[in-house]
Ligand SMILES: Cc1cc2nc3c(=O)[nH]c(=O)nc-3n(C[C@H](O)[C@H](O)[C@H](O)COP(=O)(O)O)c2cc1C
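In structure tokens, the next block holds one chain alone, the form predicted alone.
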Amino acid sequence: MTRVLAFAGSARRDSLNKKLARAAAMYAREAGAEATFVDLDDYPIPLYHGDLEAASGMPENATKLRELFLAHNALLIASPENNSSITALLKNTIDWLSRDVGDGKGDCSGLAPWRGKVAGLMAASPGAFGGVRALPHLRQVLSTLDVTVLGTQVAVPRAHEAFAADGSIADERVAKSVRALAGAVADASRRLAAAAG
């Protein structure tokens, strides 16, 4: 079974990107995957600091997140755009989860939560660009961690108009794009797993 982890790089309770990630998780389930939405705000972790890591190791919440990542083989990430790049929350999460904790999981355990995974990228913004300027930065970071990032991505401009009151996607064009991306992530992950034997 393909297991997809969906999350957003935002801590805001009513985040447009959280709504997008939740919808993507639903569409991944429709595509036959087991999908989990995780809210990064439920796992607060300090800003990455090498001295903190040396003194205390990986924070407890980062360890919990790491286990969630290890249990999934595909990712659907909705990234807000801050100053034309990814958010501090998203980058900090990636930085902590790429640390080697010495548990021997994978041939390089710092990469274990990332290596071999397939990722689909999305962004939502009230602005006209839909957060698309952040996605090349996220793509570069994930590719460095041995994540296979799909070429297709979804950017949702004027996203405050794209969702219904219950958080579902009201704009059918957006829904079609997100459904296609979620299906492509599930399919690519299944094909990679089959190829690996």
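Heads up: residue numbers just count along the shown sequence, starting at 1. This structure is a prediction, so every number in the text was calculated from the model and none was measured.
The discussion below concerns the form predicted in complex with the named molecule, not included here.
Using heavy atoms and a 4.5 Å limit, would one call Pro126 a contact residue for the named molecule in the predicted complex?
Yes, Pro126 lies within 4.5 Å of the named molecule in the predicted complex.
I'd like to know if Leu16 sits close to the named molecule in the predicted complex, meaning any non-hydrogen atom pair within 4.5 angstroms.
Flag for Leu16 set to yes.
Even though the named molecule is not shown here, does Asn82 get within 4.5 Å of it in the predicted complex, heavy atoms only?
Looking in the predicted complex, residue contacts with the named molecule include Asn82, since a heavy atom lies within 4.5 Å.
How about His137: is it within 4.5 Å of the named molecule in the predicted complex, going by heavy atoms?
Heavy-atom contact with the named molecule at 4.5 Å: absent for His137.
Which one, 126-134, 29-37, 145-153, 59-67, holds residues whose non-hydrogen atoms are within 4.5 Å of the named molecule in the predicted complex?
Among the listed stretches, the partner-contacting one is 126-134.
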